[in-house]
Structures are given as C-alpha cells and as structure tokens.
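Take a look at this one chain, the form predicted alone, written out in structure tokens.
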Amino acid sequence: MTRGIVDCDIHPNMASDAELLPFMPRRWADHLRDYGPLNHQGLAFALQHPRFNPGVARADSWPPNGGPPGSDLDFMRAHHLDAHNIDHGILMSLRPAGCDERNLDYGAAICAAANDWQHARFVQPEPRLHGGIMIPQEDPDAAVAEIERCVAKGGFVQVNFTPRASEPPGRRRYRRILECAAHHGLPVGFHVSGVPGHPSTGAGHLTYYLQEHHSNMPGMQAVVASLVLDGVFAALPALKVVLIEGGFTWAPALCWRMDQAWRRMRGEVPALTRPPSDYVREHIWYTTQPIEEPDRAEDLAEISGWVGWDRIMFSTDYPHWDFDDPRYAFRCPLTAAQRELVFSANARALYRLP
C-alpha cells in the first residue's frame, strides 16, 4: 500500500466513571454519583460470557498501568497505532451511553461530557485519532445542539447513532438529527449498540448469546430499509451513513428484495423516484469487522464487488477480543487497487482525512 491504514472502529475507554466528572456541571456530577444510569432495560450493562470476557478485550490489550483496555493512550499508540501502521483511527465510544437514558436531561449531559472527555484524552494529544459525536438521539433538540457544539469544537468526523433506538432511524422524529449531520458534512455512524427495551428480533427475546450476536445483522438491515423507504435519502441527498460492526454481505440480497417490492408497491412511497438499491449504493458505507468468512474466499470477493469496493472500509474493533488484525483480515483475493480502497482510500475520502 502507498499509505497507512485507516481504522474505522477504535474503542476508547475510561479507567472509571470518575474520569467524566471534570467535564460535567456539578448538578450532573452529583447525579452520576448518587443515582447513576436509568436505562430502558434492566441489567443492560450486565456482562455476558463469552463475548464480554474481561473488558470485552484481547488478553494482551491490558495496559501496564493496570487500567482497562483502551484507557491508556500511550499503550494504544504502541500496541495498535504504531504496530499496525494506522494513519488514522475513528473513535467509537460505547460507555457511558447517554443515548439509552430515560432521564433525557441526564442523557444529554452524559453525551456532552463523554464527547469532551474523548476530545481531551485522545483527540487533542493524538492527531491520528478523530472523534465520533455521542448524541442523545431520543431528544432531537439536545442531539442537534450537541452536534453543533462539537462541530464548533473541532476534531470530530462522525455522528454516532445507535441502530437500536426507540424507533427506526428513518422515522420523522429523528429527521432533524440527520439533517444537521448532512448539513455539516458528517457521516452518521450506526455502530451495533443500544438498549431501548425492545426485543432484538420480531419474534421476541432470544435464548442464547449466539442468537443475539446474529441479530446484529438483521438489525442493520432494518436500519437501511428504514432510511431508504421512509424517504430519508430522497430528502437528504448529502447524507452519508456508515454501518459499523454489522457485516455487509447481506446488502445485495436486501437491495434485490427491496427493488422487487418497490416495483410492485411504489405507490406507497412516492418520495422514492428510483429503485431502493440506487439510494443504498449512493449513501451507505460498511466497515469490515466482523467480516463474514465463507469457506471459499472467492465468494467474499464476488459479493464485495456487488456491494462496491468503494463502499467497504477496514476496521479492527480494537481492543475487543474479536479484533481483526490488518495483516490477516479480508482473506480473499484483492487487487492492489482494491486493497488501497478498503484499507485506506475509501475512509480518507468519506471522512475528509488529511
């Protein structure tokens, strides 16, 4: 490759919630200490086995200072950025998650503090790292205000949106958030997350984590279908969406099915003047981890061509245990041009990276 790698999914971490306190007004710092989170779903942060083995992390990702994986910038530099030739990394903060709060004001305060924390601890001291704006998406006014504040602050290249929200993202209640992101040229990143209290499948709650892990993929399909069929992309031609940690080999089949249904029932969605697949092809990008790995490597290459080599971007999920090492990821035949697109050029262009 002619340039270093762009990693589209790096998870920073806090040593403890106390790291947030300097970034919070006194009222909400007291609230964090005295009450803590009130989520839509009980036991939302209970750690499941085996995915949430200690710290959800690789065994070798614990820094020498004793903090949790992802919390030590110097160790992250040596262990990941330098070791794997990472030119740029997009940060995806997962906790604390103000987007899941029932108390909307507290949720907005958590998002603002977490954004200031990642900016001060990672973005400012390390020019290779770029922030993702955490938003309280169930409070659109507060979410738009937080996007505007972070844009003015600088250092952020994406708006983070949970795919498991109270309603599908194409619904009218979220439109102002998407409009704001598009206005500022910021992609909206849907990373697997969210505890809105709804079952993760249409058939109800699941029995095993194996099923829950698989449900991430149809959840992402629901995000795409909502954004397309609710007319979001037709109304916001500048909007760009990144699907993070949700796979991508399902995309062609979803597009074929939506196109077929649209030809028969297009009268229901007059805002769509073109086949749904056109909007998907123009507005959706995908990250690689966890990449689907068929028995025949050439099958992955073929379906990647259907998705579009210019729409696939490399990610590691560092420091999580299912981390994808760039030396071994994407095990299918790649031309030099395809490798350059996937591991570097696509993300540089989308996020406008230097």
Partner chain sequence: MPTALHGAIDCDVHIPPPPTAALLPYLDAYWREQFTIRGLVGADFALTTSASRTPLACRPDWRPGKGESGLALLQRHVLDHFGTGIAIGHCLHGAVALHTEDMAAALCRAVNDWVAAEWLSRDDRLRASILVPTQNVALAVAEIERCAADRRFVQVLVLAMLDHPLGRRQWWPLHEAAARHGLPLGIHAGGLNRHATTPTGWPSTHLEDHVVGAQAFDAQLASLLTEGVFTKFPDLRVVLLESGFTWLPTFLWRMNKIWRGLRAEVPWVTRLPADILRQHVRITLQPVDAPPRPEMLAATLAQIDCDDMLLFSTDYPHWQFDADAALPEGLPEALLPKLLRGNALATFPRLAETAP
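Here the structure is a predicted model, which means the values were calculated and not measured. Positions refer to the first chain, counted from 1.
Omitted from view is the form predicted together with its partner chain, to which the following refers.
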query	finding
Full three-residue contact with its partner chain in the predicted bound form, heavy atom 4.5 Å, for A165, M265 and E292	yes
Partner-contacting position among P275, G155, G247, P140 - heavy atom within 4.5 Å of its partner chain in the predicted bound form	G247
Answer option from L210, A238, L104, A78, heavy atom within 4.5 Å of its partner chain in the predicted bound form	L210
A253 within 4.5 Å of its partner chain in the predicted bound form, heavy atoms	yes
Residue contact check: R27 to its partner chain in the predicted bound form, 4.5 Å heavy atom	no
Exercise: R149 in contact with its partner chain in the predicted bound form, heavy atom 4.5 Å	no
Its partner chain contact in the predicted bound form: Q124, any heavy atom under 4.5 Å	no
Segment assignment from 124 to 132, 176 to 184, 87 to 95, 267 to 275: heavy atom within 4.5 Å of its partner chain in the predicted bound form	267 to 275
Residues within 4.5 Å of its partner chain in the predicted bound form, restricted to 336 to 354 and counted by heavy atom	none
